[in-house]
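Read the single chain below, which is given as structure tokens and is the form predicted on its own.
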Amino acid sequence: MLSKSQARAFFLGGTFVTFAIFLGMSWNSLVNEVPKQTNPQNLTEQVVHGKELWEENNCMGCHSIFGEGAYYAPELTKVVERRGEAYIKAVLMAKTPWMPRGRKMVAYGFSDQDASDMVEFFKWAGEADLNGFPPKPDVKR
């Protein structure tokens, strides 16, 4: 059994060691791992503008990206891989709302440049290393 002073020393020592490990792992993640996984060198003006359009139009209100957002509409992290650039641009530039699988998609009527910037943002998102997220569906035909 520990005395009161020994218990205090054990608690403070353990807290300090654990906090030091936490700081070291956080620093390693920010400096080494995050840049490898997100490819910041690929952030162009088009990608940034696409992200701004994503936020301005509240796309996250229906869709999710990187697992964040709503689940009313499809996950868009790897949408370029699944659907292709032409499909995405056609959807974003549509002048009338459409209802795929009974869910109404807003008609944004983006310009060709804005739609291209959104595609660039989706391409950048799809190239991020997310440790296997989203998983590929196990569909047997």
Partner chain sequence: MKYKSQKVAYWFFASAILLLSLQIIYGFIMGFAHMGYDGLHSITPFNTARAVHTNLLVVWLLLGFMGAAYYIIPEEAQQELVNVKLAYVQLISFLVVGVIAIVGYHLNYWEGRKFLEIPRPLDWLVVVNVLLFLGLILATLYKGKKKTTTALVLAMGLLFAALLYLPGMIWFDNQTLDSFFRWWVVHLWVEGVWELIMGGILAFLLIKLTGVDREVIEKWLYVIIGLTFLSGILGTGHHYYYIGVGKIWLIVGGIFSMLEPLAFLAMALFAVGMYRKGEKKHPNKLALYWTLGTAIISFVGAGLLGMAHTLPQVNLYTHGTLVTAMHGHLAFWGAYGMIVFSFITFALPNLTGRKLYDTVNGQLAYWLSNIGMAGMTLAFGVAGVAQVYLERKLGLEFGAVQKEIEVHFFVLILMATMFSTGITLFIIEFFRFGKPNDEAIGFEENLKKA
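This structure is a prediction, so every number in the text was calculated from the model and none was measured. Note that the rigid core is defined as the largest set of C-alphas that superpose within 1.5 Å between two forms. Numbering follows the first chain given and starts at 1.
The same protein has a further form, the form predicted together with its partner chain, not shown here; the description that follows concerns it.
Enquirer: Even though the partner isn't displayed, in the predicted bound form is Ser29 close enough to its partner chain, meaning a heavy atom within 4.5 Å?
Expert: Residue-level check for Ser29: yes, a contact with its partner chain.
Enquirer: Does any heavy atom of Asn58 come within 4.5 Å of a heavy atom of its partner chain in the predicted bound form?
Expert: Yes, Asn58 sits close enough to its partner chain in the predicted bound form that at least one of its heavy atoms falls within 4.5 Å.
Enquirer: Would Ile65 sit within 4.5 Å of its partner chain in the predicted bound form, counting heavy atoms only?
Expert: Contact with its partner chain, yes.
Enquirer: Considering non-hydrogen atoms and a 4.5 Å limit, does its partner chain approach Trp124 in the predicted bound form?
Expert: The answer is yes: Trp124 has a heavy atom within 4.5 Å of its partner chain.
Enquirer: Along 1 to 26, which positions have a non-hydrogen atom within 4.5 Å of its partner chain in the predicted bound form?
Expert: Going through 1 to 26 in order - heavy atoms within 4.5 Å of its partner chain in the predicted bound form - the hits are Met1, Leu2, Ser3, Lys4, Ala7, Arg8, Phe10, Phe11, Gly14, Thr15, Thr18, Phe19, Ile21, Phe22, Leu23, Met25, Ser26.
Enquirer: For a quick test of reading the superposition: does Ser29 move by 2 Å or more at the CA between the shown form and the other one, rigid core aligned?
Expert: Indeed, Ser29 is displaced by 2 Å or more.
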